[in-house]
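Shown next as structure tokens: one chain only, the form predicted alone.
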């Protein structure tokens, strides 16, 4: 535990002692929300030449809310977690190339602690961005659902935590044996876009083609977005929310356990 906490502090210090990195962490979600969020005004498409009440009914039936910005802003949370955690594995490569990994592996600190410290760092950093996204979304006009309570935002953080654990573990696995950053970068680029677009970040799963709907139904990002929207813009359905949290929890447990197992077996100098 002492080694795990020490390694986690090291990762956090590398982050908050770098002003430019901190600035990018703050600006990135704000740019996504203000530029992409406000530019994709789907509500105007439904509203063009259509009575306002009918347009609202169409939006509500299609997106579960009358405001598309609210739909997409809540999807930005999962997308931000994905883009933040995708770089987790690169720190293993740089630790190996700079010789730090050799020193850590020669100490009594377990390989599991090395991996888990990086997972926790990525999760904390992503959670910080989630808070920024939520604050900016409310400032830009996020419309919450009926029955919304501020305490539901804690549920959003729990959902984001589970997704971050999943993907930081996954991207770490891809880099455990790598000595060149180009290899995991190629794999990350191959995975990120399909994961994002084969989910309900921008568009409801129910309106997708049949084959894409099958892919989205097993994508953890889809369950993340649905759970976040249950907490914020939808009328909370306990059954649906429990299904989302169970899937995300089991997925996170499976991927993180596999990551620790592979680290114990394959992580080397």
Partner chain sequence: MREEIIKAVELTKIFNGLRAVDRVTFSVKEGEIFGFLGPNGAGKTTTINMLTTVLKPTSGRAEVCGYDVVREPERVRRSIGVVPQEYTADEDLTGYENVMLCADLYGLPREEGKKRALELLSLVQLEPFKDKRVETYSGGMRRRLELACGLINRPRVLFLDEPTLGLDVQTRASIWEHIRSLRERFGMTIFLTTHYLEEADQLCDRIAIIDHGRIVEEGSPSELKDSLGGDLLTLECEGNGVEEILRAVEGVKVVRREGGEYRVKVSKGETVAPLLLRMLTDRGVTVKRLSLTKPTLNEVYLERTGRSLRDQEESPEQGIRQRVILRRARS
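Positions refer to the first chain, counted from 1. Every value quoted in this text rests on a predicted model; they were computed, and no experiment measured them.
Missing here is the form predicted in complex with the partner chain; even so, the following discussion is about that form.
- Contact with the partner chain, judged by heavy atoms within 4.5 Å in the predicted complex, is confined among 136-144, 79-87, 104-112, 184-192 to 104-112.
- Contact check at 4.5 Å (heavy atoms) against the partner chain in the predicted complex: all three of 6, 99 and 265 pass.
- Taking the partner chain as it sits in the predicted complex, the stretch 66-89 never comes within 4.5 angstroms of it through any non-hydrogen atom.
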